[in-house]
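In structure tokens, one chain follows: the form predicted on its own.
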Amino acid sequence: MKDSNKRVLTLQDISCFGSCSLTVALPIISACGIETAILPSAVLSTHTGGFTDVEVCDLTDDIMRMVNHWVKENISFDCLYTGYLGSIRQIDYVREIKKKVINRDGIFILDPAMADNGILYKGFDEAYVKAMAGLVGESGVLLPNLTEACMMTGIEYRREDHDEAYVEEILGALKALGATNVVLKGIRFEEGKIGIALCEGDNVQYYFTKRVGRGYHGTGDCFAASFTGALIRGSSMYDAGRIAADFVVEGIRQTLNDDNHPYGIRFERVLPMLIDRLTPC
């Protein structure tokens, strides 16, 4: 998909403070040399990881008004990348957005962004999981973590003790939901390493990195944004996954000794590395 003139639209919330969602997606994809437009689903004073009394402005009623204005202005996009969506209604809007402003040969990258470590995020329920599973077949690339994949397919979630049979069972179940290409995050085959499984059609490849330190809020968003930027810049799906995984790991390393930054990784420090790894324009 190499084309330096490609244009990405990303739909997710804005956390005004905290390294996640649009607050990381816009700078990361833009740093990849890709024009990036945003469609905010909500505005939050901070993200919800570790902060209390978060102020939230829900923009659900405004989403399609913005899209319809783009239609009038003949504005369209080559890629739709969605992250955290706050409601089933917003999930339903994704289908309309695809039809109205995404080019016919465009790609839809879907990050389900609803659960982790075996637990749904606050405010979501089984109806939301079912609605998200119904969106899987619309995607060109699906980017779930292991928890999200298991919830959408009904397969038992295992925190550890993964093997290829278990992973490929999950990938097969996601394909049964309509997924064509999947990057499954959070695979653990051996102690001290964590990886991704990349499924393109019947071809499955793995890529592992060293498990570094603690977990940070927003690493999934940083992965999805850097993956999107690399893919649109012309990297293969496997190379885009590898670049994104390395970007997140290095971002964690840059943050480990910084007690003043517990709310997300210092991805800004690693943008030069990301840019160096991209396919030349």
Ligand code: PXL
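Note that the coordinates shown come from a computational prediction; the quantities given were computed from them, not determined experimentally. When you see a residue number, it is the position in the sequence shown, counting from 1.
If you look for the form predicted together with the named molecule, you will not find it shown, but the lines that follow are about it.
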| query | finding |
| --- | --- |
| Interface segment, criterion being heavy atoms within 4.5 Å of the named molecule in the predicted complex, picked from 59-67, 243-251, 39-47, 228-236 | 39-47 |
| 4.5 angstroms heavy atom contact with the named molecule in the predicted complex for Ile265 | no |
| Close approach of Tyr121 to the named molecule in the predicted complex, 4.5 Å, heavy atom | yes |
| Phe77 within 4.5 Å of the named molecule in the predicted complex, heavy atoms | no |
| Any non-hydrogen atom of Thr10 within 4.5 angstroms of the named molecule in the predicted complex | no |
| Stretch 61-90 - residues with a heavy atom within 4.5 Å of the named molecule in the predicted complex | Tyr84 |
